[in-house]
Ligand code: LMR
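One chain follows as structure tokens, the form predicted on its own.
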């Protein structure tokens, strides 16, 4: 047993002890540690703070939400282990994190250009497909509560990225995802898996040449200060799943669980409503900073990127499952989009 696992198990034991004491003393609030890896002034960060406010109000102080932002409690490589061990009760990891956990169907969200717009996306996350995906987390000891938007990703590097060929040979940071790995390789670049909290320094020191992210993530982490070029490819989606430790959640009093579910519904509506504005404001901030040349693709240029990346869908069928990919494509067709 390594030190990190031992530390997490000890934290879990302490958390369990705290919960036991809390149930014995009616006055003591139930503490929910909500850990995430981005800044407070991002869509996810603001959503977590809104949930804290709504949950504590709805439960009349019987629940206390402790929000730990910017990887202050756990880095993104560690947090799922911590949740499963009970050392933390709530997370909002990006959907890409569930593939390495063994629930590969979630990697459908990583496929390039699979969501033409937010309408299709929300038909998936708020409909039967989203619910079915959450049930696949339960054998892992995880309960899915909500899907939160961030937005669509763009590419950045220290050179102009006008066409897919401009990516050739570049070292590009990605999250740990086989789909994202295949996506970067399809562009002739070299994928580099790296924790979100380490990206700025890696860009600054040249460990990686570029990355893919939403404008809000780039701006709040100051990545634009160390990237001279950004192309608005909108090639992929970053979203999050708000999840809890299943055993902890099912052990809560039924009335508190109902109150927290209501708070989560309202927090989710708020988060998804502000996500686009947050990204628009961040992009304006990047432009204003004047350190990054931004290229907005025309239709013909965007079609070049789509053509280079769409073969990844077929390549990943055996991994994600053709049925899951087809379920998303069905929602695209339902809205009359080709």
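Everything numeric here is computed off the predicted structure, so don't read it as measured data. Numbering follows the first chain given and starts at 1.
There is another form of this protein, the form predicted together with (2S)-2-hydroxybutanedioic acid, and it is not shown here; the text below is about that form.
Participant: Ok, 32, 282, 37, 312: which has a heavy atom sitting within 4.5 Å of (2S)-2-hydroxybutanedioic acid in the predicted bound form?
Facilitator: By the 4.5 Å heavy-atom cutoff, the listed residue in contact is 37.
Participant: Go through 94, 231, 245, 183 and name the one with a heavy atom inside 4.5 Å of (2S)-2-hydroxybutanedioic acid in the predicted bound form.
Facilitator: Contact with (2S)-2-hydroxybutanedioic acid in the predicted bound form is made by 94 alone.
Participant: Tell me which of 173 to 181, 123 to 131, 108 to 116, 264 to 272 has residues with heavy atoms within 4.5 angstroms of (2S)-2-hydroxybutanedioic acid in the predicted bound form?
Facilitator: Residues of 173 to 181 come within 4.5 Å of the partner.
Participant: If the criterion is a non-hydrogen atom within 4.5 angstroms, does every one of 150, 196 and 240 touch (2S)-2-hydroxybutanedioic acid in the predicted bound form?
Facilitator: Yes, the whole candidate spot contacts (2S)-2-hydroxybutanedioic acid.
Participant: Is residue 217 part of the interface with (2S)-2-hydroxybutanedioic acid in the predicted bound form - any heavy atom within 4.5 Å?
Facilitator: Contact check for residue 217: yes, within 4.5 Å of (2S)-2-hydroxybutanedioic acid in the predicted bound form.
Participant: With the partner left out here, check for me: in the predicted bound form, does some heavy atom of residue 213 sit within 4.5 Å of (2S)-2-hydroxybutanedioic acid?
Facilitator: Yes, residue 213 lies within 4.5 Å of (2S)-2-hydroxybutanedioic acid in the predicted bound form.
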